[in-house]
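Given next, in structure tokens, is a single chain: the form predicted alone.
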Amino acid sequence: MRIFLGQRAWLLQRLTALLILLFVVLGAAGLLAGATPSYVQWHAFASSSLGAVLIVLFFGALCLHAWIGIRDIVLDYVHAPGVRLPLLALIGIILCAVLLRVALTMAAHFLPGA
């Protein structure tokens, strides 16, 4: 018998929400504190190793947060197993593809000739 079934997902969703909130608050504070960054400044930040890690971390938290929320909605409201599993698989594939695309885009800045 599993005790605290669902507690891990609940905790992960709260932690990812805090991480997303931290990124949004820091980004808003940066915009409110100074001038709006230009494309060159944003590109320089995204091309730095710290910026790339932060962007991938943000999207990782966002995709995990979305997966837990969407999974709970599907499990609560889609009762047909023949529909539930393919729908969850499709959602998982889409979220993994988004995260992979972001990671590859960030990694492309560090390849020779980029």
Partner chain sequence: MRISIYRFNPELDVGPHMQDYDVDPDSGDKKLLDLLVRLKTIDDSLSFRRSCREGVCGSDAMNINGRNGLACLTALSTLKEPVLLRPLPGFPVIRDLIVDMTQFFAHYHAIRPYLINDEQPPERERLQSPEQRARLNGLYECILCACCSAFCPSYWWNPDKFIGPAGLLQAYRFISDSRDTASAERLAYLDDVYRLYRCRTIMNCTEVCPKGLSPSHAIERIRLALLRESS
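Positions refer to the first chain, counted from 1. Since the model is a prediction, treat every value here as computed from it, not as a measurement.
Same protein, other form: the form predicted together with its partner chain, not shown, and the subject of what follows.
The partner is absent here; in the model of the complex, the one residue of 97, 103, 11, 17 having a heavy atom within 4.5 Å of its partner chain is 11. Only one listed stretch (79 to 87, 22 to 30, 57 to 65, 36 to 44) carries heavy atoms within 4.5 Å of its partner chain in the model of the complex, and that stretch is 79 to 87. In the model of the complex, no heavy atom of residue 111 sits within 4.5 Å of its partner chain. In the model of the complex, at least one heavy atom of residue 75 sits within 4.5 Å of its partner chain.
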